[in-house]
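First structure 1, then structure 2: two forms of the same chain, each alone, as structure tokens.
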Structure 1
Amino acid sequence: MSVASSPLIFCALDTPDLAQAKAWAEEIGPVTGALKLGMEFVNAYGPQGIEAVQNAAPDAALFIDLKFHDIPNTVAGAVSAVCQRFSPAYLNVHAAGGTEMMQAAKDACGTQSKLLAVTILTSLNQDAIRLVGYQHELPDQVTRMAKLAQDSGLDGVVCSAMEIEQIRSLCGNEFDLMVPGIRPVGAQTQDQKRVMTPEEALGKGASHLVIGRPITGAANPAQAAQDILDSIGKDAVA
């Protein structure tokens, strides 16, 4: 599926079990219209794993979340390989790779795919980024990197719900904000430290939500996905 039809919720298929990933894809893919595969899954099952999920949910858009970070030529090669084989709706790189790397990645990105940047990982706090060598306050560092990604031609960023408003006001309405750490009202937060409901995140300006365990951990994942869509009064595809 191309990005033209822009699904709202990417369901994170986080499992070390290929059969489980395929079963979720079959069940959830038709409801959300979009799925996310990350580096644990892809490193365990490789391109064949991605293909298996794509075959299980042929109409679902894919976000291949591998967060590439290397020299421009190498990242461009990786992006090109992923786009040629899978035409994902989204894939991503680290903004810390710099402008030249992001531009090379964007140039290598197929026309069917959008490229997002990871700014500062949400697992890092102020002290941690100081140790790495970043001198700015964390929110400022995040927005600087989002702007750098935009200026490098990228289509958006992955960001926490707490960062949506600042990035949206700096980068404008056309910039995609893919937001994880989302929990429906009453859902368990698990290891997510700061969560927001789908409605709040969309109200603040998120364009897409990444939701995993509130869907995949439910007794009926397809129903859980549908309930979330109903709660925000939206169809799967914006």
Structure 2
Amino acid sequence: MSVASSPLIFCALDTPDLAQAKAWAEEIGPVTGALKLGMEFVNAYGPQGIEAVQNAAPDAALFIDLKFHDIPNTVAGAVSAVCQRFSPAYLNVHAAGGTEMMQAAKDACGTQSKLLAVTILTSLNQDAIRLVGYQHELPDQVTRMAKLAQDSGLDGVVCSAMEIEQIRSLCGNEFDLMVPGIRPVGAQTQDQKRVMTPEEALGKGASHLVIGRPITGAANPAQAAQDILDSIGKDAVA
């Protein structure tokens, strides 16, 4: 599916259980209009698992969140394989892979998919990035990586809500910001360090929100998704 419908919430189907992922996709996909599949699921079920989710929610846009990070030729091959088979709305790589890698990935992406760069994972804080060797303050490191991704031709970045305003100021309004670490009021933060409510993130300029456990962990996931949409004044897709 193309990104023309511009869904607001990509629901993260973070599970190694194929039947559960299909059930969530069928239930949540028509509400949010968009789903995210990550490494846990794809490593368990591979391309056949992605196809199963697409078949369960054929009208939902898909974000395949595999965070590729390798030498340029290897990443280009991986991106090409995914895009040729599935044409996801979004796919991502790590900005830390550098300009040459990101450019090769973008060249391999095709016209139906947008390519994002991961900046700094939302599970990391200032102390954690210093331990891995980044010397800049966390917001500055994120914006440096976002600008590098934009200069490399990518369509946007994955970033925490805390850096939205700085990236918007530096990269402009056409640069897509896919924002995980979103927690509705009252939800547990779990392993996320840099979180924000949907209303706050959108107010700062997020393009799309990634929300997983507050939806999939609810007794009624479809209703939980609709409640979040209602809280930000958006209607369901279907």
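We call the rigid core the largest set of C-alpha positions that still match within 1.5 Å between the two forms. This is a predicted model, so every value here is computed, not measured. Sequence positions of structure 1, starting at 1, serve as the residue numbers.
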*Structure, 1 versus 2, that is the form predicted together with ligand C5P*: 1
_Post core alignment: residue 111 C-alpha displaced by 2 Å or more between structures 1 and 2_ = no
*Once the two forms are fitted on their core, CA shift of residue 134 between structures 1 and 2 in Å*: 2.7
